[in-house]
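The chain that follows stands alone, in the form predicted alone, written as structure tokens.
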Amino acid sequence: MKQVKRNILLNPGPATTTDTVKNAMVVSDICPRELEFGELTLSVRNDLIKAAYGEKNHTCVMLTSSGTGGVEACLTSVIPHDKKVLILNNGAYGERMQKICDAYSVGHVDYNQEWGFPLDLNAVEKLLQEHLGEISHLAFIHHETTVGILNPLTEISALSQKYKVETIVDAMSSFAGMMIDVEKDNIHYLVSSSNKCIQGMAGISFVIANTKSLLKTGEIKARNFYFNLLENHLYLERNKQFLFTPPVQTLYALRQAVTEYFEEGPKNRFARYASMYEIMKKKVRELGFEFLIEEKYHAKLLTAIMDPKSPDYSFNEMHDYLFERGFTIYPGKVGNKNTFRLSNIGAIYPKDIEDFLKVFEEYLRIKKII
């Protein structure tokens, strides 16, 4: 086997993976209709449910797609034709939910907040009151990586319960990176993917769904085919197989990643991510940078940082300097504000952040930006 260079990915995902996750993909070729692969599939599904504390009332539907596929599957499978979904939008991924609904003619009511600002839950409640009886679901992004803001899951879920609507949570960049309990927070549908905080490879999205709610969607005339959540769920239940061809090797990698998640321990992973955020935040502030959003709203998994005002600054040049030294950062534009984003998820550790910050400061001093 060739040596694989380890890169420190500070982009929002896919995240850095362990060598053991990479090597897990090197397996004998197997037909995904074999019983052995079916048992692997069920083991991954069951452990994803466990990671969300949903063993009592939830199931998990896995799909071959990016995370957006899981969101699309959810929005197009569970909203009745005579109802609407209230979509909370304070970033690009909330806006993407609206575009998905438009593409499939799914009825939606929109709460649009300027990107980079927290949701006004009083305004959200007002919309729920105004559209009482019309709205069956409330959908929002937990960690909006456009700006690095964490939307208040527990409080929003409480509103959903108050007005008897079901919750759809895009937890793409928060699941397995912070505590989420689908039972405690009464989450009906939680969507995530294999390549973020769970630290697997890209290619699998999954929806952790309240089983009773999911079964009720059988009453809805299908808008979709490949992405039909209920059909995918029922097929796996009956046959221990994906309904359509799965990404075989990627699932082996996810099996290893989920195993490593439980070996590390959820609390330890959350603490590791949080410690890297604190290291990064302290140094970036010392270097004179400003954050896009108020610190109290930070997700502590990704941070959007305002571009410096120096005429010598070029994001692309800075990116290339860091990339050549093994570190990947990500740009971002919010309205007329230019930012770059630093993520602290994946199989990286405090020393990796410290090493990055040394190279980062080195570049800034060479270019006389600070």
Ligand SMILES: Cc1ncc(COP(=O)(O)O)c(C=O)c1O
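Each residue number is its position in the shown sequence, starting from 1. Because the structure is predicted, anything quoted here is derived from the model rather than measured.
Not on display, but discussed next: the form predicted in complex with the named molecule.
In summary, the region of this chain contacting the named molecule in the predicted bound form, judged by heavy atoms within 4.5 Å and restricted to 225 to 233, 164 to 172, 270 to 278, 125 to 133, corresponds to 164 to 172. Each of T68, I141 and T145 is positioned with at least one heavy atom within 4.5 Å of the named molecule in the predicted bound form. By the criterion of a heavy atom within 4.5 Å, R96 is counted among the residues contacting the named molecule in the predicted bound form. The partner is not shown here, but in the predicted bound form the stretch 190 to 229 reaches within 4.5 angstroms of the named molecule through a heavy atom at K196 alone.
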